[in-house]
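The data below hold one chain only, encoded as structure tokens and taken in the form predicted alone.
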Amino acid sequence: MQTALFPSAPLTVSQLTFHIRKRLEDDPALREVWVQGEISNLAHPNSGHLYFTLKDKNAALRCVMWKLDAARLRFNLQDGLAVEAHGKIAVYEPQGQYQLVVNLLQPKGEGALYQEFLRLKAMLEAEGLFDVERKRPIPELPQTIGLVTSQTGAALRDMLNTLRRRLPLARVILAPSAVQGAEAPPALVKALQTLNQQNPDVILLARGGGSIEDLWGFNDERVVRAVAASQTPVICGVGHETDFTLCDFVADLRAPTPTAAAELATQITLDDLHTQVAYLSSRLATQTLGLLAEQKAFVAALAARLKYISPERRIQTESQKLDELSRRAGSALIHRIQLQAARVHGITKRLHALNPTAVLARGYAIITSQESGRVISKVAQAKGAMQARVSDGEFEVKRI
């Protein structure tokens, strides 16, 4: 090999590394890249960044995931986990190493599942299964609550504790079902159908968090259609707050967690009922007292009216009238007696004046025939024995 006559100046390590870095980071094909492999040498420093190596049977690639991106992870990383990483190729100059700066990390196969998720979502949405008009209101005070979840999962325990604390009066019916794996979709459909036959007031469809593969049963078309066909309103509380499944879109109400689903199903709690009962009792007492006072006044008014028109009052009035008439009758009688007395007195005086006895007292005498008893008023009638009556008695007289 022949060397140049005038060789170029040698590059420093930093210059060469910078040149390599620039070539790599300027390559469009390396700015948006998906890489799949198995995690090894995972490190969680206090900074919050993640450092790990992606490897397959033939090669290894150093990776870094900055704190903000790492905080959005929905699953726990561990060595040996097969993942798909998205990011860009960069060079770490202090060690002269190229690395993948990861901004999105998901379990292997999740990308295909996500595409299927989007396809199903678009299809079901076009059918109107996610329309707001289909959503039914959740009853405020359910008497019976149905649960569709795993019989052994923590979600069941959390929901039962919440329901027992908030509304212990409600009756809870559990339709246990697998919530993960190939057996989950038919089991979930059967559980929903079984609960609908028992006519609860609301159904909670729930499970704890997990990867998209773990939650895939709730993206199954059969399960989504079973939720849509439910005669009972359904609250879907699957996964954590950041997890979304197709059942969330078709359900009448979405809850971020199973516990939140139980809280949404019990909008009115036992404490609310106690408060409402106390309030209604207070209102009832106030209205009852007011009504009693009103009726008491009404009865008093009726009593007054009744007393005014009562037989007793009428008797009193008529008695008073009788007394008045009696008084007036007495006065009239006395007056009439007085008038009659005066009249009698006048007649008496007149009779006294006309009384023959009175005439006799003045020296006159009445001569009557002893034979006929007739008064002798003429001399020619004076015959036989005659009787003379004077003021103090009678005596016989004869005509001489």
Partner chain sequence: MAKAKSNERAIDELSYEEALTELEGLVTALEENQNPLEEALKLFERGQALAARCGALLEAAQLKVQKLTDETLTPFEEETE
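Residue numbers count along the first chain shown, from 1. Because the structure is a prediction, the values reported are computed rather than measured.
Below, we refer to the form predicted in complex with its partner chain, which is not included among the displayed structures.
**Student:** Identify which of Ala260, Val172, Val91, Leu253 has a heavy atom within 4.5 Å of its partner chain in the predicted bound form; exactly one of them does.
**Tutor:** Contact with its partner chain in the predicted bound form is made by Val172 alone.
**Student:** Looking at Ala71, Ala297, Leu322, Leu291 here, can you tell me which has any non-hydrogen atom within 4.5 angstroms of its partner chain in the predicted bound form?
**Tutor:** Of Ala71, Ala297, Leu322, Leu291, the residue with a heavy atom within 4.5 Å of its partner chain in the predicted bound form is Leu291.
**Student:** Counting only non-hydrogen atoms, which stretch in 116-124, 323-331, 274-282, 216-224 is within 4.5 Å of its partner chain in the predicted bound form?
**Tutor:** Within 4.5 Å of the partner lies stretch 274-282.
**Student:** Has each of Ala178, Gln180 and Val202 got a heavy atom lying within 4.5 angstroms of its partner chain in the predicted bound form?
**Tutor:** Verified in the predicted bound form; spot residues all out of contact, no.
**Student:** Taking its partner chain as it sits in the predicted bound form, is Leu160 near enough to touch it, meaning that at least one heavy atom pair lies within 4.5 angstroms?
**Tutor:** Taking the distances in the predicted bound form, the answer for Leu160 is yes, it comes within 4.5 Å of its partner chain.
**Student:** Would Leu81 count as touching its partner chain in the predicted bound form under a 4.5 Å heavy atom rule?
**Tutor:** No, Leu81 is distant from the partner.
**Student:** Would Ile235 count as a contact of its partner chain in the predicted bound form, using a 4.5 angstroms cut-off between non-hydrogen atoms?
**Tutor:** Flag for Ile235 set to no.
**Student:** Please run the contact check for Pro168 against its partner chain in the predicted bound form: heavy atoms, 4.5 angstroms, yes or no?
**Tutor:** Yes, Pro168 lies within 4.5 Å of its partner chain in the predicted bound form.
**Student:** Which residues from 193-229 come close to its partner chain in the predicted bound form, meaning a heavy atom within 4.5 Å?
**Tutor:** Counting only heavy atoms within 4.5 Å of its partner chain in the predicted bound form, the contacting residues of 193-229 are Thr194, Leu195, Gln197, Gln198.
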